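The chain below stands alone and is given in structure tokens; this is the form predicted alone.
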Amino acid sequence: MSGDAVRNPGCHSWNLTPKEAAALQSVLAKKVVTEGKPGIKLVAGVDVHPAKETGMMQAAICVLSYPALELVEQKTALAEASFPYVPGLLSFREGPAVLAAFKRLKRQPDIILFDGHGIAHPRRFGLASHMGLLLDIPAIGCAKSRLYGSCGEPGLHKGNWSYLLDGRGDIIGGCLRTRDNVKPLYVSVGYKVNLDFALNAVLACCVKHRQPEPLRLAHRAAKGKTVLNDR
């Protein structure tokens, strides 16, 4: 995928204060599309991890075939971690590395799973929504911990889930059990998908691990480990 596939990546400055970044999130959140059921032939997982002793962030993208979930492409990229670590604003710290990695892809995925949140966010604009909007690719947030909202505990079996609600009782995601008797994941709409689609896509990508296979592989790659599609 050429750099042209990144839709207007310079549409806003990355050199912002936390206050400016939060204000920008509120503006861009209004552009997020929260409906859609894209066809899937390729699914990507994206994770970002600090590169050791460099002051850089390393983003990794693993693209898998769907539904076979076989690895077809992997790319990584480094970018300076110029924005401070602020919960709720991590896309400003991790986003430049993610966009740099996407520029290196030869294949454009049909959907992207992010190790982070979509609209399950105080300003409805987590990493999955931010990157999905800039890339103009359907995106899903799939996080291991809850940032915002509340939910009841889902049943203990794979596929059980409960709604994640904000303080007003609005639905912002789902708490999904991806394996029997393991901690659930927090799934939310990122961009151009609906919640049912997001939950089903994440579940379909969970074969024998708690994390979806694309994210499991991306997590290893972002930490500089060998990627093995050993599902």
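Residue indices: 1-based, along the sequence shown. Predicted model, so just to flag it, every value in this text is computed and none were measured.
Keep in mind that the form predicted in complex with the DNA is missing from the display, and what follows is about it.
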Exercise. Pick from 67-75, 153-161, 85-93, 132-140: which stretch has non-hydrogen atoms within 4.5 Å of the DNA in the predicted complex?
Worked result: 85-93
Problem set entry | Lys103 within 4.5 Å of the DNA in the predicted complex, heavy atoms | no
For this session: Indicate whether the DNA has at least one heavy atom within 4.5 Å of a heavy atom of Leu147 in the predicted complex.
Result: yes
Exercise. Though only this chain appears here, would His49 touch the DNA in the predicted complex if you measure heavy atom gaps against 4.5 Å?
Worked result: yes
Problem set entry | Non-hydrogen atom contact Leu113 with the DNA in the predicted complex at 4.5 angstroms | no
Exercise. Looking at the DNA in the predicted complex, is some heavy atom of each of Lys37, Arg177 and Val187 within 4.5 Å of it?
Worked result: no
Seminar exercise, completed: Taking the DNA in the predicted complex and a 4.5 Å non-hydrogen atom cutoff, the residues of 172-186 making contact are none
